[in-house]
Every structure is written in C-alpha cells, then in structure tokens.
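One chain follows as structure tokens, the form predicted on its own.
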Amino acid sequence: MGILTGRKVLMALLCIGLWLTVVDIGPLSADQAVSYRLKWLINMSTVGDVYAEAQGLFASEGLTVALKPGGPERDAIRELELGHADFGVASADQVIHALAKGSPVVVLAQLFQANPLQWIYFKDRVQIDTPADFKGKTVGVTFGKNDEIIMRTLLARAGVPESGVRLYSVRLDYTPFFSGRADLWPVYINSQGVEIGQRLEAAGERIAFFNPEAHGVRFVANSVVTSERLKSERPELVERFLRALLAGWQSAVDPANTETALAAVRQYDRDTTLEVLRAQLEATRPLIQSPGGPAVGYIDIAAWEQTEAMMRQYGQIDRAVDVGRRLRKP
C-alpha cells in the first residue's frame, strides 16, 4: 500500500512538472524584463518615455523596462540586430538606411508628428519668409545628416541653385552663427531652440525660426522600432509595450500633467533649469500631437515615403526600400 501511495505521489508530481513546462506562468510571478534604447540622452524629447516608466504604466502591463540613453555610439537599430535591445528609438533616415542594408527592422509608432528640426536666424540681419529667401545666404548644415537633405530639398523646390547658397559645416560650436559668419543655423525647436532663443532674447536680440514643414518638406523624426522577429514571435509583448508607451506620451503632453511630466524629466536632466524645461515641454507638445490632429503615435505614411524619396534623390540610399511595408498598420 505504501509503495502504491508513493507511486501515486510521484505520478502527481510528474504531472505538475509537465504542466509547468507547458504553461507559461512567468508573468504571474515576475514582470517581463524589456530593454528600450533611446535615440539620445534623456531630455525633454524623451518625456513620454520617462513618464511611462515613472508613473508605472509599463509595470501595469507586466513589464520592467530598462530605459537606456542613446548617443553617437549607441545605435538602437544595431542593438536590435545584435539582440541587445528589444525596442528602440530611431529617426526615419536611420530606419531607411538600415532597410537599404537589409536590416529586418519595423516601425511601431511615430513619436514626432512634426520634425523638431528648424533653422534659427536673427530678424535684424536677414529676412526669411520663403525658401527663395535663402539665395545669397550662408546656411549651416550638418553634412551627411538629415538637415543637409532637408535644406537641399527646400532649395530645389524653390528653384534656388545650390551655387547661390553657401552651405556652412555645422559643429557643436554656435560661434559662427552668433558672430554672423552664418545667417541661419539648425536647431531642434523644442530643446536648443528654447535654450538659445531665451538667451538671445534676454540679450535684446530679435530671432525667428524657419520651419521646413510649413513649406511642404516633411522628414520624419523619432519613431519606435523593433525587430521583425520580436514582432512576429511575441506580438502580445509588442502590444503591451506599445500600449504603455503611448499612454505615457499621451499623458506627458497633456497640460493637466505638466508638473508630473517635468518631475519625470528632472530625474535625469538636472543641468537644465526648471524654467527652460517648462518652455521645452510647451514647445514639445504640438510636435507630438497638434490640436485636432491624429492620435499620439500615428504613422504618417506619406511623410515616410517623402523621406525615402528625398534620401534617394540625394544619394543617401542607392535603391528603393519601399518603407511603407515596414510601418505598423493600425
């Protein structure tokens, strides 16, 4: 009788063990760990990311997300390829370059509905109303980067020959712009544009910004990406992550949550004053969701196709990649 009882216990234990190997109960006992590589350092351009983490929105989806700052040596798409990150942030030119090289990257959401890249100029020195006004001016561009492509597109559309404009190589030093050696200088309107603009206006200068999108040139900025493999093998993980992330961005740009959003960014960015951070948040809101515009995260397919066309025109890629196939459908 004891032997039979022992056998019954053993069989019961084996059945339980088999059930545990078949049924995934991981989320019941611990959150799913996820790695998320940002495009740049944590600042106001990542407000929705840090908001989602700080307010427990990832945790509410059963996720523990490691927010990893980006930078020149930390390419999100490369880390996806190597398996060092599950999700990342990349601009459209990075995505399209990667696709041209055969990378299996997919776009899940478009964080910036408007590209924050604009050109700052002194109103007392030059008058810029349309791209045609660039003729005879010295314009700062970062050669090989998206601001060069955007500027060349603006000139071509306005019928301004490139010989009629001097393109000045941009570095981290703003001295050429401050001293007048360059008439216009590229800045991100919601970060450097705010900080430099406040400084110049405090000194009595009159400044303005030239916005390419106001003249029909749309070049997609930061978007959320992952690998084709993760999207196909773990669709439920992708949906949970995306749901929490977009909820974070939606809440972060809501004026009702201003103080909470500022506190989330302030945890990481202590060098920027609260006054500047507040102005940066105000400048970021319409870039993410304009009044009456599409939902946060909306993927503007036409803008992506225009971005690919511009890159192809100026030799950034040597073949069409049909980027529309790599954009997540709603």
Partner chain sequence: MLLRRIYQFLMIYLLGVLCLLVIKVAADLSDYVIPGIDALWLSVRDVGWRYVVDVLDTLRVAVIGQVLSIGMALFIGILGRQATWFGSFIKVAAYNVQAYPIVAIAPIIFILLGDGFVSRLLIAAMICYFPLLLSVVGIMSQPIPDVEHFYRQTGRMRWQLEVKIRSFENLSKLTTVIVGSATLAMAGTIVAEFIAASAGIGYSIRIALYQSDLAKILVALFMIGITLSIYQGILEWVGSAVKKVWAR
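Positions refer to the first chain, counted from 1. Note that the structure is a prediction, hence the values are computed from the model and not measured.
There is another form of this protein, the form predicted in complex with its partner chain, and it is not shown here; the text below is about that form.
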| item | value |
| --- | --- |
| Touches its partner chain in the predicted complex: residue 144 (any heavy atom, 4.5 Å) | yes |
| Contact of residue 234 with its partner chain in the predicted complex (heavy atom, 4.5 Å) | no |
| Distance check, residue 173 to its partner chain in the predicted complex, heavy atom within 4.5 Å | yes |
| In the predicted complex, residue 199 touching its partner chain (heavy atom, 4.5 Å) | no |
| Answer range among 71 to 79, 214 to 222, 107 to 115, 125 to 133 for contact with its partner chain, defined in the predicted complex as heavy atoms within 4.5 Å | 71 to 79 |
| Heavy atom within 4.5 Å of its partner chain in the predicted complex - residue from 226, 153, 190, 94 | 94 |
| Option touching its partner chain, based on a heavy atom within 4.5 Å in the predicted complex, out of 89, 194, 182, 98 | 98 |
